[in-house]
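One chain is shown next in structure tokens, namely the form predicted alone.
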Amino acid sequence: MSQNCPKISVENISKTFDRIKALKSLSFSIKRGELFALLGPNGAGKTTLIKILAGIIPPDKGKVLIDGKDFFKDISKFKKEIGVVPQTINLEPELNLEENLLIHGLIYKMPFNKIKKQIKKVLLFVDLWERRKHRVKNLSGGMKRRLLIARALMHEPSILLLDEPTVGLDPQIRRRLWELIKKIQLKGATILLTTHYMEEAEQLADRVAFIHKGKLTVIDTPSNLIATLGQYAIDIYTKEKRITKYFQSREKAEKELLLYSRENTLVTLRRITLEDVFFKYIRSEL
């Protein structure tokens, strides 16, 4: 992991749209070379935060610091260090892959020779070089998502912002993108990933933060958060609802499972996941 990766600090960021408070005094930091995941339901404030960190919109209050320097006081400099993969596929559908990447390179005022080299480099990296002459509109959803990542990497950013990069994709394609994201991190990048897929954050993130209604509730590693509940869970299904119980050992979980089985109650045994922890922290608000 590169030591040149920047550290990102968010200090008391707030943002309001039409009297709706999208972000409420958010404070956290992302370590150098870390993959930090922000988890929350739709409307939690994830995309608003991405737009602020990308320099698309300013916060109403608070600061964003890149290696201790105020992002919005030297925004033109810092934006060159940031690559953004938006949730919406905003590629030019009538142009081919090379042409889409060429436009991006020109926007970032890259030398033409550098642009040509980078187009081949990033398309090879996302395994789309053979399709470089294809029109974007003819690509599958997974290929478009990979092209968005390739575009974000064109100007060689040290920070990558991924706003729900696998939304709407089937599990097989999603896992392929997971591998790609981890490769980017290992090559040297500080990454912020927003997602509402708990499994995605559990697999990819060094640390995760839960966000709901513009507020952060908890920040820790996935394994530490899961350990707060235990290791195993049993789900007890009644006519009215599902009841979940958590246990530190499989032996204790199996004993409880046996008791309910004897009562002819539908019950299942499983490992505790990050999703269990997420609902523990936000269920009162949901």
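Just so we're clear, the structure is a prediction, and the values are computed from it rather than from any experiment. Residue positions are given as counts along the sequence shown, with the first one as 1.
Heads up, the form predicted together with a small molecule isn't pictured, but that's what we're talking about next.
**Q** Spot the stretch among 26-34, 42-50, 257-265, 66-74 with residues whose non-hydrogen atoms come within 4.5 Å of the small molecule in the model of the complex.
**A** Only one stretch passes the 4.5 Å heavy-atom test: 42-50.
**Q** Is residue 22 close enough to touch the small molecule in the model of the complex, meaning at least one heavy atom pair within 4.5 Å?
**A** So residue 22 counts as contacting the small molecule.
**Q** Under a 4.5 Å heavy atom criterion, is residue 164 part of the interface with the small molecule in the model of the complex?
**A** Flag for residue 164 set to yes.
**Q** Taking the small molecule as it sits in the model of the complex, is residue 87 in contact with it (heavy atom to heavy atom, 4.5 Å or less)?
**A** Residue 87: yes, in contact with the small molecule in the model of the complex.
**Q** Spell out, yes or no, whether the shortest heavy atom distance between residue 196 and the small molecule in the model of the complex is within 4.5 Å.
**A** Result yes; residue 196 sits at the interface with the small molecule in the model of the complex.
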